[in-house]
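Just the one chain here, the form predicted on its own, laid out as structure tokens.
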């Protein structure tokens, strides 16, 4: 047990207050910059109190960036990736914990090792697969000689069609739905579920799918909320992957991608419009911030709760 003393309480509160200040000061500066005009933002030192250009700056940022359809695309991608990650993590962890087959521990650790391989590391092969999903299978047929054998015996050459996921919601969502973090989180939760619950379900005639759907999923609501909150913020803030596979920005561009278009720099022949950029930044960060605020209680319970 940690001893509670007045000095320790004061010290911990000071640390929390310093951390809060370090977090809020940059956000305050961004907000203040979004309420001033171009000349005021570029003065040194910049004012630290809001100006009177807030409505004009936010309106201009929204109109010039076309955030309407881009926000919709970001919501589609974020919700799709979040739902996919939750489903894949729950099913894979269920398989590892409740099905007794060889090498299941090895499979879990292989999944867990992928935490050391973020998207930025595997982005080139992932892009190659997204450009033509069936190409690896075609190369496998050619490498094993199956296509050659069939061509010699039956005169049939196997040529798989091309399937590109570039410039599509499928390409934005599907390569991102696997998650080692979610699998680990669900596995740790499933290990805390009493074995007697599974045995009782078997005695009642419930099969594996019925037990998973009617028992485990309702019990894992808090874990689902915690994982969903993390993954929604992660997928909403994705920039590199959409920037790589999306060239049709008008139809499939996301809100985070659009931020670069409201900050013209020297390459565009104009000075950076930081006041408009800050207004756009705050608008883009508002949806994930609201998700975190409204899901905060469920998020904390899903991470620290032990009374299953």
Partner chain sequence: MTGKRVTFSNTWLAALLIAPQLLLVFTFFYWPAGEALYWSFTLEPPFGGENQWVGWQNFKTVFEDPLYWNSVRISVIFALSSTALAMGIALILATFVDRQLPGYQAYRFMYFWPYAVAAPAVGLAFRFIFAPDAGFVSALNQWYPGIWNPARDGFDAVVLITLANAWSMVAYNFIFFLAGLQSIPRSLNEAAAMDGSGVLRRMADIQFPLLAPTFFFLVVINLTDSFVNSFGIVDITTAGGPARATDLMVYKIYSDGFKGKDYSLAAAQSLVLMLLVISLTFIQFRYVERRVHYT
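A quick note: this is a predicted structure, and the numbers were derived from the prediction, not measured. Positions refer to the first chain, counted from 1.
Keep in mind the form predicted in complex with the partner chain is missing from the figure; the text below concerns it.
Contact check for 44, 191 and 296: all three have a heavy atom within 4.5 Å of the partner chain in the model of the complex. With the partner omitted here, the residue from 160, 233, 225, 79 that has a non-hydrogen atom within 4.5 angstroms of the partner chain in the model of the complex is 233.
Between the options 54, 60, 263, 246, the residue in contact with the partner chain in the model of the complex by a heavy atom within 4.5 angstroms is 263. Shown alone here, residue 94 lies within 4.5 Å of the partner chain in the model of the complex, counting heavy atoms only. In the model of the complex, the partner chain lies within 4.5 Å of some heavy atom of residue 107. The closest non-hydrogen atom of residue 281 lies within 4.5 Å of the partner chain in the model of the complex.
Proximity of residue 26 to the partner chain in the model of the complex falls within the 4.5 Å heavy atom cutoff. Of all the residues from 127 to 149, those having a non-hydrogen atom no more than 4.5 Å from the partner chain in the model of the complex are 127, 128, 129, 133, 135, 136, 137, 139, 140.
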